[in-house]
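Presented as structure tokens, the chain that follows is alone, the form predicted alone.
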């Protein structure tokens, strides 16, 4: 039956108001810091009281303010990976995991060792938490989150602060944790890339409200607002749209630069273009692309096989091309280049 979450409660800067359902799989709540994301997890787990609302899992009410129900955290079948991991530093890895496991001391220790082995940390069972590496602490914290055979898994910024190699390992470990839980997983992050790597569905949160929900592809292909477009990593520029005789839409930017979109639009709009959809050329290219804009290179950052290129058209854009192509073009800051993309890659969303 899934997890149903309805919350209406004041936060310092705004009111948190959501009414969402998570039936299965992994749903990521994505938004900037301070949007209320972690507060949602805390209220689901019972670590923070909601002024009004209900949290119901598989027909069982964990919270229902109308009926006076507010079950304590230890009675909610929730596994929680805290952003700071929240291990007890003076306890061993085994003791940290066993702490929340039900049963006799022998049963708790056996279950804790089983979970540590699942995450490849059995050999560290006797080591104190404050003597573990960052990756080891994360694996122990994941093992602890599964100690009570949770029906719901909550992950707070599970990939925060990791380098590329550690991130790949962490994704695999999180997959192990998700597979061990019978019910849904809800994670919060400020990074849309985390959602792409981990989630089946994304809910975008802005100031305590879910403003759009869908698969990562759906949000990227059809963002509901400039905020969503920026969050998913797209370039956004504002202009005035008018229909062309050929049925396409022309978008004139304040600088006078004109873009072409296959989306309908009129009046003030925001044009959204993904960096990976922009190709670069030394001269005006041929082909079917209808957008070919003269630009100046403002920055070049190589990220392994990919290179991100800052552009001024004069509006600021970012293109993402292969490093091979960047080297072939011999891109230099201050140098001229032509930015090229198709009309179908210019997605129009409402301004504001």
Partner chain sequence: MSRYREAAFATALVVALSATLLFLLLPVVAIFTQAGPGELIGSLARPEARDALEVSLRSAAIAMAIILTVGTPAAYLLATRNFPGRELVITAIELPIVLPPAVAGIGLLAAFGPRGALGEPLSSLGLSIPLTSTAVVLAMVFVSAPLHVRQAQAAFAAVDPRLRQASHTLGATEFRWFTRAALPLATPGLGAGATLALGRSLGEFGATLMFAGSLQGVTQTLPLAIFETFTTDFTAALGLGALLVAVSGALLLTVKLLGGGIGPQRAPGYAAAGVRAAD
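If you're wondering where the values come from, they're calculated on a predicted model, not measured in any experiment. Positions refer to the first chain, counted from 1.
FYI, the form predicted together with its partner chain isn't displayed, but the following is about it.
Report yes if all three of 38, 73 and 156 come within 4.5 Å of its partner chain in the model of the complex by some heavy atom, otherwise no. The answer is yes: all three residues contact the partner (heavy atom, 4.5 Å cut-off).
Contact residue in the model of the complex, chosen from 118, 226, 148, 213 - any heavy atom within 4.5 Å of its partner chain: The residue in contact is 148.
Only one of 300, 321, 47, 293 comes within 4.5 Å of its partner chain in the model of the complex by heavy atoms, so just point that one out. So the residue touching its partner chain in the model of the complex, by this definition, is 47.
Within 4.5 Å of its partner chain in the model of the complex, counting heavy atoms only, one of 196-204, 242-250, 214-222, 100-108 shows up; tell me which. Comparing against its partner chain in the model of the complex, the contact stretch is 100-108.
Taking heavy atoms and a 4.5 Å cut-off, does residue 33 contact its partner chain in the model of the complex? Flag for residue 33 set to yes.
4.5 Å heavy atom contact, residue 80 and its partner chain in the model of the complex: Yes, residue 80 is a contact residue.
Would residue 268 sit within 4.5 Å of its partner chain in the model of the complex, counting heavy atoms only? Residue-level check for residue 268: no, no contact with its partner chain.
Is the gap between residue 86 and its partner chain in the model of the complex 4.5 Å or less for some heavy atom pair? Yes, residue 86 lies within 4.5 Å of its partner chain in the model of the complex.
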